[in-house]
Structures are given as structure tokens and as C-alpha cells.
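Okay, so here's just one chain, in C-alpha cells, the form predicted on its own.
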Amino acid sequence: MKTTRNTAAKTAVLEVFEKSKTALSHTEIQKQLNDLCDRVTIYRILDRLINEDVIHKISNLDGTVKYAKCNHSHQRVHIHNHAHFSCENCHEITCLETVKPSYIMPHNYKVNEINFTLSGLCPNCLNSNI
């Protein structure tokens, strides 16, 4: 019985990501699930999806953690090396798959993860301010 609930909850979380064009916080995901499961179950599902390389975690400039669906279906090895855009007006975070960050590391450093976030106004907010 517990397995069925977890499977239904995981499926529901995946559907939330399929419908979203932007990164979502835990709270935003929980609201869209309409109390299907508790917050701890959602955190466990998110951790599982991160470990399975289905989603990735993004730390916003204000420290808020959001999650976004990975778009790497044709790659054998998942490399998360794209930039994110954080809108200062609507606070949405968008993956910029075509923007590849670059950097030069000094010797004796090993990079395990990159969190490259640009901030400003997204196209929707920029157009609404014109």
C-alpha cells in the first residue's frame, strides 16, 4: 500500500514538472499537488528525482531552493552545465540550456557542481514594463 502511494505521488510530482516551464520551489510543488501527500514525502521524492538525474536543484540568489526538470534525454552522461536566469520582478527561475558558463580553475581544485545564475528581468516582465 505504501509503494502505491509513493508511486502515485511521484507520478504527480513528475506531472507538475512536465507542465512547468520554470523552476519550482517545494512550496509551489506542494500547492499544485492539492494535499496529495505531505511535505516530507515531497522532499523525499525530490531527492530521489535528483539522484535519478530527472530534475536538478537550483539555489536562487536569495537562498531559495528551486527544482527544474533536466533536458538531457539523449545524453549517456548527465552534465548540468547551463546557466539559470532569476527574474528580479516575478522571481521565476528559468534554465538557459543554450548558455554555457565557462571558468578557469586554479590547480589543485576539483569542481563537482556549478551553480551559474544570471539575474535581471525575464521577457514577460521586460515586455510588461515597456
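Residues carry their position along the shown sequence, with the first being 1. Model, not experiment: these values are computed from the prediction. Note that the rigid core is defined as the largest set of C-alphas that superpose within 1.5 Å between two forms.
What comes next is about the form predicted in complex with a further copy of the same chain, which does not appear here.
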Would all three of Ser20, Glu28 and Leu36 be in contact with a further copy of the same chain in the predicted bound form, where contact means some heavy atom lies within 4.5 Å?
no
Do Val40 and a further copy of the same chain share at least one heavy atom pair within 4.5 Å in the predicted bound form?
no
Contact between Leu126 and a further copy of the same chain in the predicted bound form at 4.5 Å, heavy atoms?
yes
Asn71: touches a further copy of the same chain in the predicted bound form, heavy atom cutoff 4.5 angstroms:
no
Can you tell me whether Ile50 touches a further copy of the same chain? I mean in the predicted bound form, with a 4.5 angstroms heavy atom cut-off.
no
Of the residues spanning 109-126, the ones with some heavy atom within 4.5 Å of a further copy of the same chain in the predicted bound form are Tyr109, Lys110, Val111, Asn112, Glu113, Ile114, Asn115, Phe116, Thr117, Leu118, Ser119, Gly120, Leu121, Cys122, Pro123, Leu126
Did Ser102 shift 2 Å or more between this form and the one not shown, C-alpha, core superposed:
yes
Tell me whether Glu113 is among the residues that move between this form and the one not shown (Cα shift of 2 angstroms or more, core superposed).
yes
